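Only one chain is included here, represented as structure tokens and corresponding to the form predicted alone.
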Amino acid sequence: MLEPISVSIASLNLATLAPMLILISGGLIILCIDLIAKNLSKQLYVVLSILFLLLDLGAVLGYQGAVRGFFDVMLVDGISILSQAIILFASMLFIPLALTSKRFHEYTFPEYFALFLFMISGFQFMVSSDNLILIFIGLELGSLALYTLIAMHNRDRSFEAAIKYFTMGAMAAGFFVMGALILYALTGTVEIAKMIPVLEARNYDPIVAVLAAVSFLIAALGFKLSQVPFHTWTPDVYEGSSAALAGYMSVVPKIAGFVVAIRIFEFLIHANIVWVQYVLYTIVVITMTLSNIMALVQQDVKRMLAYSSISHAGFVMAAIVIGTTQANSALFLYWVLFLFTNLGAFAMLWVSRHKSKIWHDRFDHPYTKFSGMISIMPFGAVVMGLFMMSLAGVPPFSLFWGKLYLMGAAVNAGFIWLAIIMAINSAISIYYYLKLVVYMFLHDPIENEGTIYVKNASTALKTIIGFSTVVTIFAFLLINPLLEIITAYVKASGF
């Protein structure tokens, strides 16, 4: 007769689950409050959301326990803590945007805030495990909540965007499951760290099966990270989403995807599966180049920023190809700086958005809408111009330092041609960023009944844009302290 297996609570190390449980509990509490008392002010839900995010951040940064937990499926290493901190900080920047005009009715629903917290917990699960099953659960939890948040914007284009994102996300989920299934069949484990020794012992035989598994995973993460040719959903989904949510989507889901890509692909590259590096190298180059070319011909600023975010994702994906500690540190540094600049740029679009007074039948934010903005809204034009300069990598603004450090990592690792291609693409991007600056500063204002520049300029929105502007301008003061912190966490994870 088999003896029962006893598991002590201490051995489970439940503290590794605490950050996610805080947010899941927060979402449930918000739903329960709504059941008890209807029609409460959305300010309450904003404050509660920020409170739970702060508690979560405290649990993440204050964690002092073992790296592994909960039957070893949780992995709380340096990269996990670093990426969770970025996710939570970005979320705390985003959620006050709910305190904008009442016309954006999705913010009046408590379900919006509950889904938002559930979504973040899913991303936290993704970055806090090397178990493919738990990564998949986190991926789906975050994605399903995000689909709903997009649809709640209550526009025909928003419903279309949510359906497109759901369809492409379902395909990506299928690819991820197929890749994980093949790797499990080959190795007998779903933990990434345990797969590599088994594959090495078998000399990666059968090579066809390994090739198929990795190809499925590249496709799955390619969808989530908007890598060419898996990027086609991105411009339409960003265009259909609210400008603020589009900016959030360009940052937070991608950092979760980058961490999963680091855990999977850098293991394979360091295990001398050379073709994986070649495939990723090709995808990175095509992603940066093609998205830049597509951005050149866009007539809408939001679609231009969508293609711009694809280019930046390809730029950062180069760090995974390089695979050194400096490159991984550069990845996180770049994305922290990108967080402020890109969220600020999308928030500036949110200032001028109105549901009934539409400038153009096809586009919400055509370039012509910003003609002569310096005459109508001088401060806004200057701030938007600063964000464009930063995204283009013009010194001394924030993303210049991120690009410089990442290209330096490429040169130091011997990827000279990759660094040259990155520099060329940065030069190309200057054109379409400056195109908006030219419209704002050098064109005359155009009279149109849809001309609205400051309709949604609430105090919360002004504060967040101001904070993003300060970081964008004075980032050079933060580079060395940020690098020291980031490098310490990356080295602690062994990457």
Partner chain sequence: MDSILTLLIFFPFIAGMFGFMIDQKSIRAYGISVAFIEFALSLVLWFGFDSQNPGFQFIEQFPLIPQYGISYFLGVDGISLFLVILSTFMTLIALIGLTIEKDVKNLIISILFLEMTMVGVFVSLDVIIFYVFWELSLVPMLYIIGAWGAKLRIYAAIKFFLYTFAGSLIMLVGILYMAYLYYQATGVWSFAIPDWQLLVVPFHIQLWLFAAFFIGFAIKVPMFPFHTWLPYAHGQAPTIGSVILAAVLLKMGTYGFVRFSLPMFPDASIYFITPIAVIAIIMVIYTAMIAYAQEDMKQVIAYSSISHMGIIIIGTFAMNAEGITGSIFLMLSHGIVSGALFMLVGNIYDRRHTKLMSEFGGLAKVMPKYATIFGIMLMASVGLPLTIGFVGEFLSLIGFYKVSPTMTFLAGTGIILGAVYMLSLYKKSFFGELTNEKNKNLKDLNKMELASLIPLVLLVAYLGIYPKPVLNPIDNSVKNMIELMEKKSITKEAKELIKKANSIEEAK
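Positions refer to the first chain, counted from 1. Predicted model, so just to flag it, every value in this text is computed and none were measured.
Not pictured, yet referred to below: the form predicted together with the partner chain.
**Q** Which pick from G408, G188, P206, P197 sits with a heavy atom within 4.5 Å of the partner chain in the predicted bound form?
**A** The residue from G408, G188, P206, P197 that makes the contact is G408.
**Q** Of the residues A15, L483, V471, I24, which one places a heavy atom within 4.5 Å of the partner chain in the predicted bound form?
**A** Checking each option against the partner chain in the predicted bound form, the one that comes within 4.5 Å is L483.
**Q** Go through 26 to 34, 66 to 74, 426 to 434, 46 to 54 and give me the stretch that gets within 4.5 Å of the partner chain in the predicted bound form, heavy atoms only.
**A** The contacting stretch here is 426 to 434.
**Q** Would you check, heavy atoms only and a 4.5 Å threshold, whether F400 touches the partner chain in the predicted bound form?
**A** F400 belongs to the contact set for the partner chain.
**Q** Given that the partner is absent here, does P395 sit within 4.5 Å of the partner chain in the predicted bound form, heavy atoms only?
**A** Flag for P395 set to yes.
**Q** Might V438 be said to contact the partner chain in the predicted bound form, defining contact as any heavy atom within 4.5 Å?
**A** Within the cut-off, so yes.
**Q** I'd like to know if T108 sits close to the partner chain in the predicted bound form, meaning any non-hydrogen atom pair within 4.5 angstroms.
**A** T108: no contact with the partner chain in the predicted bound form.
**Q** Would the partner chain be touched by all three of N412, A419 and I479 in the predicted bound form, meaning a heavy atom each within 4.5 Å?
**A** Checked in the predicted bound form: all three residues contact the partner chain.
**Q** Even though the chain is shown alone, can you say which residues of 373 to 392 have a heavy atom within 4.5 Å of the partner chain in the predicted bound form?
**A** If the 4.5 Å heavy-atom criterion is applied to the partner chain in the predicted bound form, 373 to 392 yields I374, M389, A392.
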